[in-house]
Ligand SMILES: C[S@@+](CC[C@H](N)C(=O)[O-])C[C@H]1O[C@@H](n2cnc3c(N)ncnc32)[C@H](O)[C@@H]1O
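Single chain ahead, by itself, as structure tokens, in the form predicted alone.
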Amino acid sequence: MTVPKLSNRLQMAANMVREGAVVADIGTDHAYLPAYLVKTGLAKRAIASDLRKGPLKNAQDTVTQFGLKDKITLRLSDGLDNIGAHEADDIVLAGMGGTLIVDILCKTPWIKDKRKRLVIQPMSHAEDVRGFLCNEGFEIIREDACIDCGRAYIAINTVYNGIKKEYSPEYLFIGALPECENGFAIIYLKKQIQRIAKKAQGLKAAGKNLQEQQRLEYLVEKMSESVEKLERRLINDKR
């Protein structure tokens, strides 16, 4: 059986989809993810949607190549605007920025359904995604990390439970990554720490906004502690 080969980051997202689910892949581009899920039998069927006609044409080529016209529906849609509430069990939002993902979710009240799962892979501003999820009553089931073409990526698996989560300031930046079983989370988190530390140093050098500088320095300290704990745990697990 010929199956599309996924990149590491898309494989990570695929691993979070529930077996037997109907999947909606938002911003599908070439539709490699839904084609893989359906072809391997992990998904019963799928919707491959994109905002633009060009990527949707690429998706159509993939669907035709793998003989999946009867299992994958192509949909021109701005986010989830043209996806019905009862059309999918698991929704994948990958390959876009966290701010855009939050905008899409804010416009879609039907995602607040305990029967559904979201698989979210923010390319940036993951803290915005976690903040939205915590404040809107979503439980983060797990997070994972991988390296793809030299860059660290994460994925978040979440479900609505109606309970708003109280969280520390650093949680928005680390989420459930300290519970990961691989060292890729360490690489990702260290990159985030460097990014925040650079902002703090910039404010200090400019002599501006002492309060924000101190907030960022606090985040760096707490995130570094979490990374150190994760490093120790992974070392002990190998012994």
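Residue numbers run from 1 along the displayed sequence. Quantities reported herein were computed from a predicted structural model and do not represent experimental measurements.
The following text describes the form predicted in complex with the named molecule, which does not appear among the structures shown.
When you look in the predicted complex, the only residue of Ala185, Ala43, Ala35, Ile26 with a non-hydrogen atom within 4.5 Å of the named molecule is Ile26. The partner is absent here, but in the predicted complex a heavy atom of Asp78, alone among Asp113, Glu139, Asp78, Glu87, sits within 4.5 Å of the named molecule. Contact check for Ile104: a heavy atom falls within 4.5 Å of the named molecule in the predicted complex.
Taking the partner from the other structure, the named molecule in the predicted complex has a heavy atom within 4.5 Å of a heavy atom of Leu10. Mapping the unseen interface onto this chain, Pro55 counts among the residues with a heavy atom inside 4.5 Å of the named molecule in the predicted complex. Put simply, Ala94 is close to the named molecule in the predicted complex: some heavy atom of it is within 4.5 Å. From the list 27 to 35, 200 to 208, 61 to 69, 174 to 182, the contact stretch for the named molecule in the predicted complex under a 4.5 Å heavy atom rule is 27 to 35.
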